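One chain comes next, on its own, written as structure tokens: the form predicted alone.
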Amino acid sequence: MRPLEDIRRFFALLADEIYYVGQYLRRRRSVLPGEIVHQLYAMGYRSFPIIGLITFLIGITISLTSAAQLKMFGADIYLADLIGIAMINELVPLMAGIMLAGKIGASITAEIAAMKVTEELDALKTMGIVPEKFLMVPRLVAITLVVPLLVALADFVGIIGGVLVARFSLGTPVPVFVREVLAAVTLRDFLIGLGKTMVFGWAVVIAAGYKGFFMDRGPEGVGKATTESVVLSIALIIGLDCVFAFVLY
């Protein structure tokens, strides 16, 4: 019965957080001033370098492997279509979600688990503060605000990787490549990628909070909870991505 209990706890926490975020948006209470800004800095500014680097390298790798095949059929120009749609629809949301799981999710779990070990969560409850609201709402609001910027920048950087490969490997002029990308990619594609990344971001934060709040007490509990948080987050991201694939395609 333990797996069923874990699933029940997870969805109970998700339902609670949706309610708490909605309550905060109506009343603007129960969150420390500046905490959302602090989380925006941690999740956005400090996360973009690694996400940007990974998406740039993915863009180059996919372009190089695809260019060789397209060149055989004289379809060099369609590299722009492939890179634009693949990066915006699939690769950027997936890689951004996984990077957030490893960086943001692990950090959230470690913080909450450490507070549980030192009994700070019990102290918050004694003061009449709901830890699940006090700690999670700023992080959920921040991830909601920061994902659009991360997605836009990652899309741009990933496509730049494709532009470089097309220019120096296939000899495709940059303006021609850009025009082909703009012709192939629609606003719907961008919104799909944005929506997927938003869902992945929420999944990472909820999974991280779940593993932090319900960790096993003990000196090894923090490390175990952090590891399980990353594994659970990545599993959720891949599972949700499969669901999106069935629904959208």
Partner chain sequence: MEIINVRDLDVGYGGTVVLRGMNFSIAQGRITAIIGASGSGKSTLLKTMIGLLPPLAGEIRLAGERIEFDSERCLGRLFRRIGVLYQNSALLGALTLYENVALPIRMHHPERPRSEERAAVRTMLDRVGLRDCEDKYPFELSGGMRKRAALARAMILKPELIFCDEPSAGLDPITSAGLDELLLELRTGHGVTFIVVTHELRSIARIADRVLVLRDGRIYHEGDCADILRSDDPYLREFFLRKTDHDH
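All of these numbers come straight from a predicted model, not from anything done at the bench. Positions refer to the first chain, counted from 1.
In what follows, reference is made to the form predicted together with the partner chain, a form of this protein that is not presented.
Partner contact region in the predicted bound form: 122-130, out of 175-183, 146-154, 122-130, 79-87, criterion any non-hydrogen atom within 4.5 Å of the partner chain. Residue in contact with the partner chain in the predicted bound form (any heavy atom within 4.5 Å), chosen from Met99, Val163, Met115, Ala106: Met115.
A single residue from the set Val31, Ile50, Leu57, Met198 has any heavy atom within 4.5 angstroms of the partner chain in the predicted bound form; that residue is Val31.
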